[in-house]
Structures are given as structure tokens and as C-alpha cells.
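In the block that follows, a single chain appears as C-alpha cells, in the form predicted on its own.
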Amino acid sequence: MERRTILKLVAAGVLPGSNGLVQIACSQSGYKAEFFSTSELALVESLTELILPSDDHSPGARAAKVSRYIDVMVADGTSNAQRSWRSGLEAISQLAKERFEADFADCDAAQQDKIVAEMARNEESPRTELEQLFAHLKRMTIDGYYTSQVGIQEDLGYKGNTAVDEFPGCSHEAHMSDSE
């Protein structure tokens, strides 16, 4: 079942669900975090936007409200996962203070990029707490983005289940047959 369908069913009361899913589906503003503190949620939002920033093609993770998605998923996760997220976010804050004598939010874009690059350096085999958090953060950012309306419709260009009159096929020169 698609996330959008699940959210509609939860909102209608047909399926049990967390209040956070209903908030993500319905609320445009005034989101009340399920797990993260206000400052933690802001940090997650900044990090997700660094992973999937807005560009000329489509809006980024912030517009897709990916931080809210992560908040709900972590709130519904295990206590070990919750501790890991809290500890990892605290480690990011400590790293920013050690390196740049500022909170992550007060660091400039280049400084924030350096912190995220350090977190991502062993992405394939994360060993440190920061590297492990980055692996989870990146996966959840991608999941949240590409199950949101922004990711599906604006980035991927999905138009929905619509009838088409013809199937033109691929128009890339390398894929065109000689007979066409």
C-alpha cells in the first residue's frame, strides 16, 4: 500500500496510526514533534536539506517535510534506535562546537558541509557513531523524500494512474532502431 493511501486511511480513522502521520498528511504548519525536541527537529531538517537540497529541478527535503517523516519513524522505533538518534544528534552538535565553536545551525554552509562530509566518509562501512547516524539519516531522507508528494510528483514527475493513448517508447538515439 502506498504511503499516501495509508495516510488517508489513518486520517479517516480506518487504520490505527500515530498522530504524527496524520499531522504530516494534513498540517501545513504548527507541526508538533512526536519524538525530537524543537532544536533536534531543526537540526534534522538542516541535515536532510544538505543531503537532498532544492535545485532547479525540484524542491528539496525541507519542502517535502522529510524531518517530520523521520520524527514519526523514530518515535515509532525501538528505544535503542531512539537513543542512537539522540546520541548521534548530540555528537553532531559537539563536533560543530569543537571544530567551529558554534552550534551546527550557526555554522556557515561550508562548515556544515564539512561536518556532513566527515559523517559520510565511511558510508559503506560506518564505524563511528556519526557515520552510523549518517547511514540512517541518508536512508530515511531518501525514503521520506521519495514517498512524499514533492518527491513523487515534482522530482520524479509521476502523473498518477492516467490513461495514455499511445506508448511512444524511448527516444534516446542509442536506443532507436534502424527501421525507425
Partner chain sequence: MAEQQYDVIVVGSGPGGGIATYALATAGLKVALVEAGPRLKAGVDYNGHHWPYEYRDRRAPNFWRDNFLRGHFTPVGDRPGHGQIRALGGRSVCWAGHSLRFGPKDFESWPLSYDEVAPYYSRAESLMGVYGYRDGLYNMPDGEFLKPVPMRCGEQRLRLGVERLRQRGAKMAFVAQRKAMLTEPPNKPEWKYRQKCHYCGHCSGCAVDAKYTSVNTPIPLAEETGNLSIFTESVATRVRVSAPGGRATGIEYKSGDGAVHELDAKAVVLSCSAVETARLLLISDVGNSSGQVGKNLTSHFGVTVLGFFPQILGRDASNDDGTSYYHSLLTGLYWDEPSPNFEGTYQVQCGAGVTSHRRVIRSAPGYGRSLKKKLREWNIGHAGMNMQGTTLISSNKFVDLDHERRDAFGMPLPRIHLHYDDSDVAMAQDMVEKCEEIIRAGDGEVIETPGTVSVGDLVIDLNHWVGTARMGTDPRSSVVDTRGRSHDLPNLFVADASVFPQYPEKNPTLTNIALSWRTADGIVDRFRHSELG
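Positions refer to the first chain, counted from 1. Quick caveat, the model's predicted, so the values are computed rather than measured. Under this definition, the rigid core comprises the largest set of C-alpha atoms superposing within 1.5 Å between the forms.
In what follows, reference is made to the form predicted in complex with the partner chain, a form of this protein that is not presented.
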Quiz item: Which residue, 51, 63, 33, 133, has a heavy atom that falls within 4.5 Å of the partner chain in the predicted complex?
Solution: 51
Quiz item: Does the 4.5 Å heavy atom contact test between residue 143 and the partner chain in the predicted complex come out positive?
Solution: yes
Practice problem: Could you confirm whether residue 149 comes within 4.5 Å of the partner chain in the predicted complex, counting heavy atoms only? | Solution: yes
Quiz item: residue 155: heavy atom within 4.5 Å of the partner chain in the predicted complex?
Solution: yes
Practice problem: May I ask you to state whether residue 46 is within 4.5 Å of the partner chain in the predicted complex, using heavy atom distances? | Solution: no
Quiz item: From first to last in sequence, which residues of 150 to 175 have any non-hydrogen atom within 4.5 angstroms of the partner chain in the predicted complex?
Solution: 152, 153, 155, 156, 157, 158, 159, 160, 161, 162, 163, 164, 165, 166, 167, 168, 169, 170, 172, 174, 175
Quiz item: 2 Å or more on the CA of residue 169 between the shown form and the other one, with the rigid core superposed, yes or no?
Solution: yes
